[in-house]
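Single chain ahead, by itself, as structure tokens, in the form predicted alone.
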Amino acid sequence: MDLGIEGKVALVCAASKGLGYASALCLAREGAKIAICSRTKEAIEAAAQRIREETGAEVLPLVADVTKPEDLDRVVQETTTHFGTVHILVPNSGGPPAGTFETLDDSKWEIALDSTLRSTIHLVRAVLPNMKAQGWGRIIVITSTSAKQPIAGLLLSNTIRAGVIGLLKTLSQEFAEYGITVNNVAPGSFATDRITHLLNIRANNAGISVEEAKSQMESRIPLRRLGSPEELGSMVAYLSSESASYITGQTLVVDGGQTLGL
């Protein structure tokens, strides 16, 4: 299927690995020009080179910490200076740390707010003028199934990602007249460093091996396996497409059937 995004400019955050990288890769395969950012220069340049080699796409690697507004402003400015505009925005960040109400102090709440909700707000504000001027835009935020069905031990994600979904639902109404769609993808359990980190925590808490913790996690997924990051990236690419031009304000769950909510 031709997704109709060849030559479009996509900015994908936290894209040196994991779901962000997979999203950038899938967009590049469809012919988009890609700007990607992460905190580490070596990691983001290596990711850019891998995408170039596999797809032939033009890729601009940038160094940024999504918790810092000045970094986000610079990333959007450098992207628009290099490519002329931004058509597709994919806000993304590492997941907030695990913890319960009594183990999470105010500093951890602030960090989680900065990396998820506030970074999304700032990025959308920065790209909106270009999207409005061109009468076309796609905003796809990578959130989590925790916004649909709270996950034990992930209080920060359960709370703040639900706020992100409320933001996006509202923006989908406000931005529709400008030809801008606003959606989010809610990944379940994927084979990423984030899942490895959570499996280690669960294994330590339960006194079992990491492999046993992984088997227990997979047993709760109807498809009986972790997802591949590119399976999430493909959904991001589709929501960026012309084919998805009538989809907005939605949360697309990609989780192998794990989430039970209707």
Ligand code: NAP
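Note that residue numbering follows the sequence shown and begins at 1. This one's a predicted model, so the numbers in the text were calculated from it and none came from an experiment.
One more form of this protein exists, namely the form predicted in complex with the named molecule; it is left out here, but the text below deals with it.
*Pick from 29, 202, 214, 194: which residue has any heavy atom within 4.5 angstroms of the named molecule in the model of the complex?*
The residue in contact is 194.
_The single option of 79, 120, 143, 183 touching the named molecule in the model of the complex, heavy atom within 4.5 Å_ = That would be 143.
*asked:* Within 4.5 Å of the named molecule in the model of the complex - does that hold for a heavy atom of every one of 14, 17 and 66?
replied: Yes, the whole candidate spot contacts the named molecule.
_Based on heavy atom distances of 4.5 Å or less, which listed stretch (165 to 173, 89 to 97, 123 to 131, 102 to 110) is in contact with the named molecule in the model of the complex?_
Stretch with heavy atoms near the partner: 89 to 97.
_Can you tell me whether residue 137 touches the named molecule? I mean in the model of the complex, with a 4.5 angstroms heavy atom cut-off._
Because no heavy atom of residue 137 falls inside 4.5 Å of the named molecule in the model of the complex, the answer is no.
*Hey, in the model of the complex, does residue 49 get a heavy atom within 4.5 angstroms of the named molecule?*
Outside the cut-off, so no.
_Touches the named molecule in the model of the complex: residue 83 (any heavy atom, 4.5 Å)_ = No, residue 83 is distant from the partner.
*Touches the named molecule in the model of the complex: residue 228 (any heavy atom, 4.5 Å)*: Outside the cut-off, so no.
_Within 4.5 Å of the named molecule in the model of the complex, counting any non-hydrogen atom, which residues from 160 to 196 show up?_
If the 4.5 Å heavy-atom criterion is applied to the named molecule in the model of the complex, 160 to 196 yields 161, 187, 188, 189, 190, 192, 193, 194, 195.
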